[in-house]
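Quick setup: one chain, the form predicted alone, written in structure tokens, and binding and motion questions come after.
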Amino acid sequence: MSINSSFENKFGPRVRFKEPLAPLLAYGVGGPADVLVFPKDEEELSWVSNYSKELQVPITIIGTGTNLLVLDGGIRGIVISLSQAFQNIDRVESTQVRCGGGVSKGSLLEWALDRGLAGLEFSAGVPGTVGGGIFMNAGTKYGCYGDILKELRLFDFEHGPRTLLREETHFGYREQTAVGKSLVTSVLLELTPGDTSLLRQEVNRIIKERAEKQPLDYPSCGSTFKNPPQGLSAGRLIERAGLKGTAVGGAEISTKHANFILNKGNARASDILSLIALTKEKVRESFEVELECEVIILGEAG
């Protein structure tokens, strides 16, 4: 039986072949996936894992693609999307919440606000899934997921499901040591009691602050580079290097916030990649600082 037939028999309409990934990604660019599958639970993840091992086909995981740049040649092998899986939110105790890795950050924040639970305000206006937020330890100056995590359930494509306590892993700036090539299926978070009205005021203030400082009118993946050590700002360094407004093809370094590379409407992944390379080169030449990408780059060149 061919790989296409096997996946069609297992997943029906929840599998696609040679499917363009651009519509699924925040940047709106990227080539096709050989196989794009939308599993719904750990049993289906196990099936995909076993099949990939049997045929020695690589697996790539995407959430909502808010921090991914997929190159124009696309991704070989199997691409797993979590957009139809692990969507549960359950109150375990008065302030503890168990949440599926596929839940959007915004949906979880809204759920918590409705119930007067504080601790997620830092995620206001931040796109993507909770699982992706754990993988990147997403956060702002107001906090991050590592601050509120109690327990983490992963699906390891080598060994299957496993559960880790917060103290069994390390969370740092835009990093953690637990997930690796695994997939976050659920998290247990410890929140605190709060006043819904006051919490909403704070969330609205943070969203307004983001809109004033960040370019939200065009597709992007948010901050392109991590802030370097010693308290340096990647955006400030890029601005001082004179790169604001620099364009390649349909991609442009934002004139509002230099750490954002925008798709102005017809960009290709190669345009964005060229701007990333140019920015790293100019900042290195100007300040002897090596910028590290925050955006994850996947796939093959066109």
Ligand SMILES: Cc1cc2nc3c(=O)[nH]c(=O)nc-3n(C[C@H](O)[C@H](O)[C@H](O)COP(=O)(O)OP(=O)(O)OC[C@H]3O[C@@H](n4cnc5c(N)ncnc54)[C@H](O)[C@@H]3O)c2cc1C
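Every value quoted in this text rests on a predicted model; they were computed, and no experiment measured them. Don't overthink the numbering: it's just position in the shown sequence, from 1.
Note that the form predicted in complex with the ligand isn't included here; everything after this is about it.
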Partner contact for L216 in the model of the complex: the ligand, 4.5 angstroms, heavy atom: yes
Distance check, T64 to the ligand in the model of the complex, heavy atom within 4.5 Å: yes
Close approach of L120 to the ligand in the model of the complex, 4.5 Å, heavy atom: no
4.5 Å heavy atom contact, S182 and the ligand in the model of the complex: yes
Triple contact flag A22, D72 and G299 to the ligand in the model of the complex, non-hydrogen atom at 4.5 angstroms: no
Residue (of L108, I78, C221, L149) lying close to the ligand in the model of the complex, criterion heavy atoms within 4.5 Å: C221
Which of 194-202, 122-130, 88-96, 164-172 lines the interface with the ligand in the model of the complex (heavy atom within 4.5 Å): 122-130
